[in-house]
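Presented below, as C-alpha coordinates, is a lone chain in the form predicted on its own.
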(Lines give C-alpha, C1' and ligand atoms only; values in the text may rest on other atoms or scores of the structure.)
Protein backbone atom coordinates (compact mmCIF):
# COMPACT_ATOMS: atom_id res chain seq x y z
CA UNK A 1 0.00 0.00 0.00
CA UNK A 2 1.34 3.44 -0.92
CA UNK A 3 1.76 6.18 1.66
CA UNK A 4 -1.09 8.19 0.10
CA UNK A 5 -3.42 5.17 0.08
CA UNK A 6 -2.63 4.60 3.74
CA UNK A 7 -3.42 8.22 4.62
CA UNK A 8 -6.70 8.17 2.72
CA UNK A 9 -7.72 4.90 4.35
CA UNK A 10 -7.04 6.23 7.83
CA UNK A 11 -9.04 9.43 7.24
CA UNK A 12 -11.94 8.06 5.18
CA UNK A 13 -15.30 9.70 5.71
CA UNK A 14 -17.48 7.44 7.81
CA UNK A 15 -20.61 6.41 5.95
CA UNK A 16 -19.74 8.35 2.79
CA UNK A 17 -18.74 6.56 -0.38
CA UNK A 18 -15.51 7.93 -1.77
CA UNK A 19 -15.35 9.23 -5.36
CA UNK A 20 -14.21 6.71 -7.94
CA UNK A 21 -11.10 8.80 -8.67
CA UNK A 22 -9.92 8.35 -5.10
CA UNK A 23 -9.97 4.61 -4.72
CA UNK A 24 -6.72 2.90 -3.93
CA UNK A 25 -6.20 0.88 -7.15
CA UNK A 26 -6.22 4.05 -9.27
CA UNK A 27 -3.98 5.92 -6.88
CA UNK A 28 -1.44 3.14 -6.98
CA UNK A 29 -1.40 3.27 -10.78
CA UNK A 30 -0.14 6.85 -10.49
CA UNK A 31 -3.34 8.74 -11.34
CA UNK A 32 -2.88 12.32 -10.14
CA UNK A 33 0.70 12.81 -11.34
CA UNK A 34 2.56 11.05 -8.54
CA UNK A 35 1.04 12.75 -5.52
CA UNK A 36 2.90 10.21 -3.36
CA UNK A 37 6.15 12.01 -4.15
CA UNK A 38 4.79 15.19 -2.61
CA UNK A 39 4.40 13.49 0.75
CA UNK A 40 8.19 13.62 1.01
CA UNK A 41 8.46 17.38 0.45
CA UNK A 42 10.11 18.97 3.51
CA UNK A 43 7.68 21.19 5.42
CA UNK A 44 10.16 24.06 5.51
CA UNK A 45 10.16 24.29 1.71
CA UNK A 46 6.39 24.23 1.11
CA UNK A 47 5.70 27.97 1.39
CA UNK A 48 8.54 28.85 -0.94
CA UNK A 49 7.49 26.28 -3.55
CA UNK A 50 3.81 27.25 -3.36
CA UNK A 51 4.69 30.92 -3.84
CA UNK A 52 6.94 30.08 -6.77
CA UNK A 53 4.37 27.83 -8.42
CA UNK A 54 1.67 30.47 -8.00
CA UNK A 55 3.97 33.18 -9.39
CA UNK A 56 4.78 31.01 -12.42
CA UNK A 57 1.09 30.76 -13.29
CA UNK A 58 0.53 34.47 -12.63
CA UNK A 59 -2.89 35.73 -13.69
CA UNK A 60 -3.77 32.30 -15.09
CA UNK A 61 -4.68 31.06 -11.60
CA UNK A 62 -6.87 32.31 -8.77
CA UNK A 63 -6.89 30.61 -5.37
CA UNK A 64 -10.07 30.68 -3.28
CA UNK A 65 -9.96 30.08 0.48
CA UNK A 66 -13.07 29.46 2.55
CA UNK A 67 -13.28 31.05 6.01
CA UNK A 68 -13.03 27.60 7.63
CA UNK A 69 -9.82 26.65 5.82
CA UNK A 70 -6.62 26.13 7.81
CA UNK A 71 -4.31 29.16 8.13
CA UNK A 72 -1.34 27.61 6.36
CA UNK A 73 -3.49 27.19 3.23
CA UNK A 74 -5.78 30.24 3.35
CA UNK A 75 -2.81 32.60 3.51
CA UNK A 76 -2.20 31.87 -0.18
CA UNK A 77 -5.79 32.69 -1.19
CA UNK A 78 -6.49 35.60 -3.52
CA UNK A 79 -10.00 35.73 -2.10
CA UNK A 80 -11.35 34.62 1.28
CA UNK A 81 -15.05 34.26 1.98
CA UNK A 82 -18.08 31.96 2.00
CA UNK A 83 -18.86 29.55 -0.82
CA UNK A 84 -21.17 31.74 -2.92
CA UNK A 85 -19.07 34.88 -2.58
CA UNK A 86 -15.94 33.00 -3.63
CA UNK A 87 -17.61 31.41 -6.65
CA UNK A 88 -18.85 34.80 -7.81
CA UNK A 89 -15.43 36.39 -7.34
CA UNK A 90 -13.75 33.63 -9.33
CA UNK A 91 -16.19 34.15 -12.21
CA UNK A 92 -15.30 37.85 -12.33
CA UNK A 93 -11.58 37.38 -12.95
CA UNK A 94 -9.77 36.36 -16.12
CA UNK A 95 -7.94 33.40 -14.57
CA UNK A 96 -7.94 30.16 -16.57
CA UNK A 97 -7.70 28.04 -13.43
CA UNK A 98 -9.71 28.30 -10.22
CA UNK A 99 -8.27 26.39 -7.26
CA UNK A 100 -10.96 26.12 -4.60
CA UNK A 101 -9.59 25.45 -1.13
CA UNK A 102 -12.91 24.42 0.31
CA UNK A 103 -15.07 21.32 -0.10
CA UNK A 104 -16.63 19.48 -3.04
CA UNK A 105 -20.00 21.23 -3.26
CA UNK A 106 -18.23 24.60 -3.24
CA UNK A 107 -16.07 23.62 -6.20
CA UNK A 108 -19.20 22.40 -8.00
CA UNK A 109 -20.85 25.77 -7.41
CA UNK A 110 -17.78 27.51 -8.81
CA UNK A 111 -17.99 25.30 -11.91
CA UNK A 112 -21.69 26.14 -12.31
CA UNK A 113 -20.99 29.89 -12.12
CA UNK A 114 -17.62 29.90 -13.92
CA UNK A 115 -16.84 31.92 -17.02
CA UNK A 116 -16.41 30.25 -20.40
CA UNK A 117 -13.56 27.76 -20.36
CA UNK A 118 -12.41 28.31 -16.78
CA UNK A 119 -11.27 25.10 -15.08
CA UNK A 120 -12.10 24.45 -11.42
CA UNK A 121 -9.73 22.35 -9.33
CA UNK A 122 -10.29 20.91 -5.85
CA UNK A 123 -6.87 20.14 -4.32
CA UNK A 124 -8.17 17.04 -2.52
CA UNK A 125 -11.21 15.19 -3.87
CA UNK A 126 -11.89 13.71 -0.43
CA UNK A 127 -12.72 17.18 0.93
CA UNK A 128 -16.46 16.67 1.10
CA UNK A 129 -19.29 18.00 3.26
CA UNK A 130 -21.19 15.72 5.62
CA UNK A 131 -24.29 17.92 5.41
CA UNK A 132 -24.36 17.97 1.61
CA UNK A 133 -23.92 14.21 1.53
CA UNK A 134 -26.97 13.73 3.78
CA UNK A 135 -29.25 14.63 0.85
CA UNK A 136 -28.67 12.02 -1.84
CA UNK A 137 -30.38 12.80 -5.14
CA UNK A 138 -32.02 9.37 -5.22
CA UNK A 139 -33.46 9.92 -1.75
CA UNK A 140 -34.73 13.39 -2.64
CA UNK A 141 -36.41 12.12 -5.81
CA UNK A 142 -38.00 9.31 -3.76
CA UNK A 143 -39.21 11.88 -1.24
CA UNK A 144 -40.80 13.92 -4.03
CA UNK A 145 -42.55 10.83 -5.39
CA UNK A 146 -43.87 9.91 -1.93
CA UNK A 147 -45.13 13.44 -1.37
CA UNK A 148 -46.92 13.36 -4.73
CA UNK A 149 -48.95 10.43 -3.43
CA UNK A 150 -50.34 12.34 -0.45
CA UNK A 151 -50.32 16.00 -1.51
CA UNK A 152 -50.08 18.22 -4.57
CA UNK A 153 -46.37 18.71 -5.25
CA UNK A 154 -47.24 21.59 -7.59
CA UNK A 155 -47.90 23.53 -4.39
CA UNK A 156 -44.52 22.58 -2.88
CA UNK A 157 -41.54 24.80 -3.65
CA UNK A 158 -38.14 23.22 -2.97
CA UNK A 159 -35.48 25.44 -1.43
CA UNK A 160 -31.97 24.08 -1.12
CA UNK A 161 -29.17 25.52 0.94
CA UNK A 162 -25.97 26.47 -0.88
CA UNK A 163 -24.37 23.61 1.06
CA UNK A 164 -25.79 20.96 -1.25
CA UNK A 165 -24.58 18.97 -4.22
CA UNK A 166 -24.97 20.15 -7.79
CA UNK A 167 -27.51 17.34 -8.29
CA UNK A 168 -29.73 18.69 -5.52
CA UNK A 169 -29.43 22.24 -6.82
CA UNK A 170 -30.41 20.93 -10.26
CA UNK A 171 -33.43 19.07 -8.86
CA UNK A 172 -34.49 22.24 -7.07
CA UNK A 173 -34.15 24.31 -10.22
CA UNK A 174 -36.07 21.81 -12.35
CA UNK A 175 -38.95 21.81 -9.83
CA UNK A 176 -39.21 25.60 -9.86
CA UNK A 177 -37.33 26.18 -6.61
CA UNK A 178 -34.35 28.24 -5.52
CA UNK A 179 -31.02 28.02 -3.76
CA UNK A 180 -30.53 30.03 -0.56
CA UNK A 181 -27.65 31.01 1.70
CA UNK A 182 -27.74 31.29 5.47
CA UNK A 183 -27.97 35.07 5.12
CA UNK A 184 -30.85 35.20 2.64
CA UNK A 185 -32.82 32.07 3.63
CA UNK A 186 -35.75 34.14 4.93
CA UNK A 187 -35.98 36.16 1.71
CA UNK A 188 -35.92 32.99 -0.39
CA UNK A 189 -38.51 31.24 1.78
CA UNK A 190 -40.77 34.31 1.51
CA UNK A 191 -40.33 34.14 -2.28
CA UNK A 192 -41.24 30.43 -2.17
CA UNK A 193 -44.41 30.99 -0.13
CA UNK A 194 -45.54 33.54 -2.70
CA UNK A 195 -45.50 30.70 -5.24
CA UNK A 196 -46.68 27.74 -3.23
CA UNK A 197 -48.24 26.54 0.02
CA UNK A 198 -45.35 24.46 1.33
CA UNK A 199 -41.56 24.53 1.26
CA UNK A 200 -39.31 21.48 1.08
CA UNK A 201 -36.12 22.73 2.73
CA UNK A 202 -32.87 20.87 1.93
CA UNK A 203 -30.55 19.65 3.39
CA UNK A 204 -30.13 21.42 6.78
CA UNK A 205 -33.08 21.08 9.12
CA UNK A 206 -31.63 23.53 11.66
CA UNK A 207 -31.23 26.42 9.23
CA UNK A 208 -34.72 25.74 7.90
CA UNK A 209 -36.28 25.60 11.38
CA UNK A 210 -34.45 28.66 12.70
CA UNK A 211 -35.41 30.64 9.61
CA UNK A 212 -39.02 29.51 9.58
CA UNK A 213 -39.52 30.25 13.28
CA UNK A 214 -38.11 33.76 12.90
CA UNK A 215 -40.55 34.27 10.04
CA UNK A 216 -43.41 33.44 12.40
CA UNK A 217 -44.04 29.84 11.36
CA UNK A 218 -45.00 27.73 14.43
CA UNK A 219 -42.84 24.72 15.23
CA UNK A 220 -45.83 22.40 14.87
CA UNK A 221 -46.17 23.49 11.24
CA UNK A 222 -42.62 22.33 10.46
CA UNK A 223 -41.94 18.61 10.15
CA UNK A 224 -38.72 16.64 9.60
CA UNK A 225 -38.40 14.27 6.65
CA UNK A 226 -36.24 11.23 7.45
CA UNK A 227 -35.30 9.62 4.12
CA UNK A 228 -34.97 6.22 5.80
CA UNK A 229 -38.59 6.20 7.02
CA UNK A 230 -41.85 5.74 5.13
CA UNK A 231 -43.31 9.18 4.35
CA UNK A 232 -40.23 10.54 6.07
CA UNK A 233 -41.56 9.26 9.41
CA UNK A 234 -44.69 11.43 9.16
CA UNK A 235 -48.43 10.83 8.98
CA UNK A 236 -50.46 12.09 6.04
CA UNK A 237 -52.18 14.46 8.47
CA UNK A 238 -48.86 15.95 9.59
CA UNK A 239 -47.79 16.44 5.98
CA UNK A 240 -51.09 18.13 5.15
CA UNK A 241 -50.69 20.53 8.10
CA UNK A 242 -47.02 21.29 7.53
CA UNK A 243 -45.93 24.51 5.87
CA UNK A 244 -42.23 23.57 5.94
CA UNK A 245 -40.84 20.08 5.35
CA UNK A 246 -37.32 19.97 6.77
CA UNK A 247 -34.87 17.42 5.37
CA UNK A 248 -33.11 15.51 8.15
CA UNK A 249 -29.59 16.85 7.73
CA UNK A 250 -27.10 18.94 9.66
CA UNK A 251 -23.58 20.34 9.81
CA UNK A 252 -21.31 18.10 11.88
CA UNK A 253 -19.52 21.17 13.29
CA UNK A 254 -22.53 23.29 14.22
CA UNK A 255 -24.49 20.29 15.51
CA UNK A 256 -22.00 20.03 18.37
CA UNK A 257 -22.94 23.30 20.03
CA UNK A 258 -25.43 23.07 22.89
CA UNK A 259 -27.61 25.36 24.98
CA UNK A 260 -25.65 24.17 28.03
CA UNK A 261 -22.47 25.63 26.49
CA UNK A 262 -24.24 28.97 26.08
CA UNK A 263 -25.31 28.93 29.75
CA UNK A 264 -21.80 27.95 30.87
CA UNK A 265 -20.01 30.72 28.96
CA UNK A 266 -22.44 33.29 30.35
CA UNK A 267 -21.65 32.12 33.90
CA UNK A 268 -17.91 32.18 33.28
CA UNK A 269 -17.87 35.52 31.42
CA UNK A 270 -20.61 37.87 32.67
CA UNK A 271 -21.67 40.36 30.01
CA UNK A 272 -20.35 38.28 27.10
CA UNK A 273 -22.35 38.23 23.88
CA UNK A 274 -23.05 34.91 22.21
CA UNK A 275 -23.32 34.71 18.43
CA UNK A 276 -23.86 31.40 16.64
CA UNK A 277 -24.22 30.19 13.09
CA UNK A 278 -27.74 29.72 11.76
CA UNK A 279 -26.92 26.02 11.22
CA UNK A 280 -26.91 25.46 15.01
CA UNK A 281 -29.71 23.61 16.79
CA UNK A 282 -32.93 25.51 17.51
CA UNK A 283 -32.34 25.62 21.28
CA UNK A 284 -28.83 27.03 20.75
CA UNK A 285 -30.11 29.72 18.38
CA UNK A 286 -32.78 30.64 20.92
CA UNK A 287 -30.23 30.89 23.75
CA UNK A 288 -27.80 33.06 21.76
CA UNK A 289 -27.88 36.84 21.47
CA UNK A 290 -27.48 36.73 17.71
CA UNK A 291 -27.42 34.20 14.88
CA UNK A 292 -25.95 34.66 11.44
CA UNK A 293 -24.00 33.37 8.47
CA UNK A 294 -20.21 33.19 8.47
CA UNK A 295 -20.06 36.63 6.85
CA UNK A 296 -22.74 37.90 9.22
CA UNK A 297 -20.80 36.74 12.26
CA UNK A 298 -17.65 38.46 11.02
CA UNK A 299 -19.50 41.70 10.33
CA UNK A 300 -21.20 41.72 13.73
CA UNK A 301 -17.99 41.22 15.71
CA UNK A 302 -15.99 43.69 13.62
CA UNK A 303 -18.72 46.30 14.10
CA UNK A 304 -18.78 45.79 17.88
CA UNK A 305 -17.17 48.24 20.28
CA UNK A 306 -13.60 47.61 21.43
CA UNK A 307 -13.46 45.81 24.77
CA UNK A 308 -16.53 43.66 24.10
CA UNK A 309 -16.45 39.90 24.68
CA UNK A 310 -17.80 37.37 22.19
CA UNK A 311 -18.42 33.62 22.34
CA UNK A 312 -18.80 32.31 18.81
CA UNK A 313 -20.55 29.14 17.75
CA UNK A 314 -18.87 28.22 14.49
CA UNK A 315 -15.76 26.54 13.06
CA UNK A 316 -12.62 27.08 15.14
CA UNK A 317 -10.28 28.34 12.38
CA UNK A 318 -12.55 31.29 11.71
CA UNK A 319 -12.93 31.99 15.43
CA UNK A 320 -9.17 31.90 16.00
CA UNK A 321 -8.58 34.17 13.00
CA UNK A 322 -11.03 36.73 14.37
CA UNK A 323 -9.36 36.54 17.77
CA UNK A 324 -5.95 37.28 16.23
CA UNK A 325 -7.21 40.07 13.99
CA UNK A 326 -9.39 41.85 16.57
CA UNK A 327 -7.01 42.21 19.49
CA UNK A 328 -9.02 45.05 21.05
CA UNK A 329 -11.90 42.71 21.91
CA UNK A 330 -12.11 39.17 23.26
CA UNK A 331 -13.25 36.48 20.86
CA UNK A 332 -13.48 32.84 21.92
CA UNK A 333 -15.12 29.62 20.81
CA UNK A 334 -18.38 28.58 22.42
CA UNK A 335 -17.04 25.02 22.53
CA UNK A 336 -13.82 24.79 24.53
CA UNK A 337 -13.08 21.34 23.06
CA UNK A 338 -12.66 22.94 19.59
CA UNK A 339 -14.76 22.36 16.46
CA UNK A 340 -12.82 21.72 13.26
CA UNK A 341 -14.39 21.13 9.86
CA UNK A 342 -12.55 17.85 9.39
CA UNK A 343 -13.39 17.44 5.71
CA UNK A 344 -12.17 20.90 4.74
CA UNK A 345 -9.13 20.27 6.93
CA UNK A 346 -8.12 17.54 4.47
CA UNK A 347 -6.75 20.19 2.11
CA UNK A 348 -3.15 20.76 3.13
CA UNK A 349 -0.30 22.89 1.76
CA UNK A 350 0.96 19.70 0.09
CA UNK A 351 -2.30 19.33 -1.86
CA UNK A 352 -2.19 22.98 -2.89
CA UNK A 353 1.43 22.68 -4.03
CA UNK A 354 0.64 19.50 -6.00
CA UNK A 355 -2.25 21.19 -7.81
CA UNK A 356 -0.26 24.35 -8.60
CA UNK A 357 2.89 22.62 -9.87
CA UNK A 358 0.88 20.28 -12.08
CA UNK A 359 -0.97 23.23 -13.59
CA UNK A 360 2.39 24.90 -14.16
CA UNK A 361 3.50 21.77 -16.01
CA UNK A 362 0.37 21.83 -18.19
CA UNK A 363 -1.43 19.04 -16.29
CA UNK A 364 -4.89 19.53 -14.82
CA UNK A 365 -5.53 17.42 -11.72
CA UNK A 366 -8.74 16.97 -9.71
CA UNK A 367 -10.89 18.98 -12.10
CA UNK A 368 -14.47 19.46 -10.93
CA UNK A 369 -16.83 19.44 -13.90
CA UNK A 370 -20.63 19.55 -13.70
CA UNK A 371 -22.47 18.09 -16.70
CA UNK A 372 -24.46 20.51 -18.85
CA UNK A 373 -27.97 19.35 -17.89
CA UNK A 374 -27.19 19.53 -14.18
CA UNK A 375 -25.51 22.90 -14.71
CA UNK A 376 -28.55 24.28 -16.56
CA UNK A 377 -31.10 23.59 -13.83
CA UNK A 378 -28.69 24.30 -10.97
CA UNK A 379 -27.90 27.66 -12.55
CA UNK A 380 -31.64 28.35 -12.82
CA UNK A 381 -32.02 27.75 -9.08
CA UNK A 382 -29.04 29.99 -8.33
CA UNK A 383 -30.28 32.73 -10.66
CA UNK A 384 -33.66 32.77 -8.89
CA UNK A 385 -31.86 33.44 -5.62
CA UNK A 386 -29.57 36.06 -7.11
CA UNK A 387 -32.54 37.91 -8.60
CA UNK A 388 -33.82 38.53 -5.06
CA UNK A 389 -30.66 40.31 -3.91
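Numbering follows the first chain given and starts at 1. Everything numeric in this text was worked out from a predicted model, so none of it was measured.
We do not show the form predicted in complex with a small molecule, though everything after this point is about it.
Of the residues 87, 294, 170, 178, just one reaches the small molecule in the predicted complex with a heavy atom at 4.5 Å or closer; this is 294.
Of the listed positions (100, 161, 247, 257), a single one reaches within 4.5 angstroms of the small molecule by any non-hydrogen atom in the predicted complex, namely 161.
In the predicted complex, every residue of the candidate spot (68, 82 and 182) has a heavy atom lying within 4.5 Å of the small molecule.
The small molecule in the predicted complex comes within 4.5 Å of no heavy atom belonging to residue 108. Proximity of residue 277 to the small molecule in the predicted complex: non-hydrogen atoms within 4.5 Å are present. Stretch 100 to 108 is the contacting one of 149 to 157, 185 to 193, 208 to 216, 100 to 108, since its residues have non-hydrogen atoms within 4.5 Å of the small molecule in the predicted complex.
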